[in-house]
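Read the single chain below, which is given as structure tokens and is the form predicted alone.
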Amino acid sequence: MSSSGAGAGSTDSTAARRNTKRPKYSKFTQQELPACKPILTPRAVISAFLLVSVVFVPVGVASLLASRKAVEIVYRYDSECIPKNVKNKVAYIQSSADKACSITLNVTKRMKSPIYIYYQLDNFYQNHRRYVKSRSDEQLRERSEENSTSTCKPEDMVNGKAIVPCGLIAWSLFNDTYSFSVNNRNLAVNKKGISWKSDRDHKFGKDVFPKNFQNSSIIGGASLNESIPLRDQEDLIVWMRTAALPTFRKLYGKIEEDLNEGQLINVTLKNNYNTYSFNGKKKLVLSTTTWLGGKNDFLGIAYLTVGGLCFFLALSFTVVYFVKPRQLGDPSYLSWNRNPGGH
């Protein structure tokens, strides 16, 4: 009886070990693999802060200098291009009156080509959920999906026919135009290649043409040439890439010749786009670029701020370390410096 009882106990013990959820011992499961576990001594911390400051400060200075080399001209024209005797700006901008306007821009510093032309809109929320969803990517890509307008309301159908391209984004296409001249000589504006190549190749079809666009009773923005496929209508492609913030710039074109300091640029524009109904602003921007991109001081200031802060902390810790030193403990007592199991 005793032997049979012992055998049964052994069987139960084996079965219990099989059914246990305890993992098989290994250095991986017990987190005992070799690892880098630095000890944050005062010297190590001070050295790390100094290293960050030595790297960040020169990068910040270089970024700031590159940003300052970019030449940028910004001109707000929405208020100036309204006749002084007009009291109702919304009614004026929605009328059929001639909205041509002339402004003069002064080149304060030599601008090397290419000179990028942007239009900037303020207080325009392209990131509104209903606005962003009001489009049909299938319709934009495939000719066979012309009637895929379920996501485009309220700009989906007109007179029982599908609108191509449908949706509020396309309907509100920016329609101000600009022409430039210097010394009574017109400056050519290149509008090729202003959109993302990936958008042209994958989001807009070469056999998809506009249909019934801006044919409803309320006109939202620019019209489209029905003989040109959507892939080649780059103003539309640029506009359809919605902005994340209410103040944004979109590329209008490029001037591919240098402009010298002191030259006056005569701009003739059509002030067609309605920003007055939502207290928006319109600005014309001419900008050159550097290796860092356009004019933007934020990156350089951010690097300088972090680098300066790290240098200040390194200096503070150094003073504290020498004025009031503190004896370090014995690192041999740290858990990872002992044998597994604490032996």
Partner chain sequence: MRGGKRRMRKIRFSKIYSFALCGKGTLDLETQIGGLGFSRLVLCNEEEGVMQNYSDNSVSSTKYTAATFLPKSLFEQFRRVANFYFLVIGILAMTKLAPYTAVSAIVPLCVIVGATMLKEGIEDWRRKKQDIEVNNRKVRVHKGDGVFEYTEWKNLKVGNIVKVEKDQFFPADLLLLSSSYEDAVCYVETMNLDGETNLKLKQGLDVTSSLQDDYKFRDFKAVVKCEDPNANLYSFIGSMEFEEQKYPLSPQQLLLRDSKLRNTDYVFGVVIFTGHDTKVIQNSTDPPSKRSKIERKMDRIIYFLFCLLFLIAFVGSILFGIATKDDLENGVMKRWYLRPDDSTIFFDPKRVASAAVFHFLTALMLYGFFIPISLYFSIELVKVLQSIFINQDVHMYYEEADKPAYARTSNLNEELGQVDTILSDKTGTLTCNSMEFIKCSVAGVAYGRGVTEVEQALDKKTSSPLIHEHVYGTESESDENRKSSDGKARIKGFNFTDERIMNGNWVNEPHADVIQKFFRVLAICHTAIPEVDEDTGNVSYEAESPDEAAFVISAKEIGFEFFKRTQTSLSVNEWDPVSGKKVERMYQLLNVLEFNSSRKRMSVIVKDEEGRILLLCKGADSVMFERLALNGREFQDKTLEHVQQYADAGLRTLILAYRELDENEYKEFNNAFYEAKNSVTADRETLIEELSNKVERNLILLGTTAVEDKLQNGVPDCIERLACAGIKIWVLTGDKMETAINIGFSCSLLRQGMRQIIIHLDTPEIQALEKEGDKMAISKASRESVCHQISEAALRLNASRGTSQQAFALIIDGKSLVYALEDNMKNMFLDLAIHCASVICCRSSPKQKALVTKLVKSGTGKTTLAIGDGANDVGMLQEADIGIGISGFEGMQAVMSSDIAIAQFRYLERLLLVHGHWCYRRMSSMICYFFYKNITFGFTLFLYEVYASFSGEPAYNDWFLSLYSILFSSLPVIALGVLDQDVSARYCLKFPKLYQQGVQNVLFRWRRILSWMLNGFISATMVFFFCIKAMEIQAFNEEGRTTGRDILGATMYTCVVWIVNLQMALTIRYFTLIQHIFISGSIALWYLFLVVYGAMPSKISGNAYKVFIETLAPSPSYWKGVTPTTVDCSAF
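Positions refer to the first chain, counted from 1. Superpose the two forms; the largest set of C-alphas matching within 1.5 Å is the rigid core. Small disclaimer: the values here were computed from a predicted structure and weren't measured.
Below, we refer to the form predicted together with the partner chain, which is not included among the displayed structures.
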Quick one: does residue 87 come within 4.5 Å of the partner chain in the predicted bound form, counting heavy atoms only?
no
Heavy atom to heavy atom, is residue 191 within 4.5 Å of the partner chain in the predicted bound form?
no
Does any heavy atom of residue 274 come within 4.5 Å of a heavy atom of the partner chain in the predicted bound form?
yes
With the cut-off set at 4.5 Å between non-hydrogen atoms, does residue 52 touch the partner chain in the predicted bound form?
yes
Please identify the residue among 41, 29, 47, 316 with any heavy atom within 4.5 Å of the partner chain in the predicted bound form.
29
Since exactly one of 251, 237, 208, 265 fits, which has a heavy atom within 4.5 Å of the partner chain in the predicted bound form?
251
Heavy atoms within 4.5 Å of the partner chain in the predicted bound form: which stretch in 216 to 224, 105 to 113, 177 to 185, 76 to 84 meets that?
216 to 224
Can you tell me which bits of 167 to 193 touch the partner chain in the predicted bound form, meaning any heavy atom within 4.5 Å?
168, 171, 172, 193
Post core alignment: residue 32 C-alpha displaced by 2 Å or more between the shown form and the other one:
yes
